[in-house]
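Take a look at this single chain in structure tokens; it is the form predicted on its own.
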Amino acid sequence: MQFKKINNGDADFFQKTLGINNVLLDEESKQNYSHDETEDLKFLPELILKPSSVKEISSILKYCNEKNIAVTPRAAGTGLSGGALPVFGGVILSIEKLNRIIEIDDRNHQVTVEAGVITQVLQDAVKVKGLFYPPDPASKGSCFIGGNIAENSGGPKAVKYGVVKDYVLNLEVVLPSGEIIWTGANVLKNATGYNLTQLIVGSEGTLAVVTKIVLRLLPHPQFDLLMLVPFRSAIEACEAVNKIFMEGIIPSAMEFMERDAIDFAKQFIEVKNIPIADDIKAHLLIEVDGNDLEVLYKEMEKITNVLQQFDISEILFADTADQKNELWKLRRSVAEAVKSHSVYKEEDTVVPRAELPKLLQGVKDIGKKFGFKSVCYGHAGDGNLHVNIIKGEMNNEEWNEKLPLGIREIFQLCVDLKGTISGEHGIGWVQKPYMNIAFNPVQMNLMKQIKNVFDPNGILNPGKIFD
């Protein structure tokens, strides 16, 4: 794919449109925007644009579409599949200045926000009104709502409350041509034509640039209870997950952490008051929430009765807000802790939750076959297992040649178990070689035709999802 290189005339246009301070050309800025959180990949943009309004974004896209300049939309840069990497150079279009919460409509339990609002900032703002926005990715303290839309993010609360797509009512987007449209309506039910809103959610910035979002909200639950359950078998920890659901209980979170994952996290954030016996192989972090504390205690009792069927050690109940925060901090730090420990690749596998034991065992068997070690953790309640493959003692040749074969087998196992190759991180740049495992040529061609309808010149986030 060939794109026009940016020249002085292009830079002049952008500076006149946005103001000179919002067009970055220096090397330090290019380095800062050359990567996201995907492994150690870097691609230098030619310049970085920081628009402050939808009209400015419209002008940028219209110009780039006419001039055949590659545009990579960027939210907070917390992605794990390379979605914000400017692999063809061109311009980075950052939405960081679109950071207003426009309206919290507490009468209709809705909120309208710009795409650059930080997820946790939004959650805290609506909580003041007694409202709840459940999707909570691990990076919620820094990631943007716009990026969450692009990847259809989930997080621990997805097991009970669903993922981002379940809360998006309407989107203001800018098409590659520069046209500005709303995709739907601010209503809970909409059977009017094709669902353009849900088509944009999860499209990874390849179809349009999201500028405003209307989200539905829920009443905020008053209470939550949290327990950390140590297992002497990681497979049994996975088996316990579906047993709990079979009792009619839907936890608000159910997180799985292998022994190595929790050890790395403890070292990374220096947690000392969570002792782990030598024979413990995995943990489940289980939360229930609601508005009746007595009901929640009964649910915890039922969960505990299920857990007694397995080989567990003493359950740790979080009695205070500080203890709850410490346990969640431990869980949310796992990815960063593993990343700091070694060269690694993270795969975002997902299967029906009853198949989780087969997935975990399969990952370990494939690791033995290809000579790599894996550290696994994730959202067990919805079958979403993050597989961190550690380079360890593998040499570069083994890492570069054997690892893709092992990953392909892991993804094939997911599909064989009626799952797929990404639950919440997306395909982006790094997973696209494996798309033919999940989709046949007819399905791939349909997606490519949709891309071509929205972006016939292919300027928007080129090289992502498929070539």
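Just so it is clear, the structure is predicted and the values come from calculations on it, not from any experiment. The first residue of the shown sequence is 1; numbering continues from there.
Just so you know, the form predicted in complex with a further copy of the same chain exists too; it's not on screen, but the next bit is about it.
Listed stretches are 70 to 78, 139 to 147, 217 to 225, 280 to 288; the contact stretch with a further copy of the same chain in the predicted bound form is 217 to 225, by a heavy atom cutoff of 4.5 Å. Candidate site formed by His109, Tyr194 and Gly419: every one of these residues places a non-hydrogen atom within 4.5 angstroms of a further copy of the same chain in the predicted bound form.
Mapping the unseen interface onto this chain, Gly381 counts among the residues with a heavy atom inside 4.5 Å of a further copy of the same chain in the predicted bound form. In the predicted bound form, a further copy of the same chain sits within 4.5 Å of a heavy atom belonging to Pro352.
Within this chain, Ser94 is remote from the site of a further copy of the same chain in the predicted bound form, having no heavy atom within 4.5 Å.
a further copy of the same chain is not drawn, but in the predicted bound form it has a heavy atom within 4.5 Å of Asp292. Contact annotation: of the candidates Trp182, Tyr297, Phe317, Phe310, the single residue with a non-hydrogen atom within 4.5 angstroms of a further copy of the same chain in the predicted bound form is Trp182. Contact residues in stretch 185 to 221 (any heavy atom within 4.5 Å of a further copy of the same chain, taken in the predicted bound form) are Ala185, Asn186, Val187, Leu188, Lys189, Asn190, Ala191, Thr192, Gly193, Tyr194, Asn195, Leu196, Gln198, Leu199, Gly202, Ser203, Glu204, Thr206, Leu207, Leu218, Pro219.
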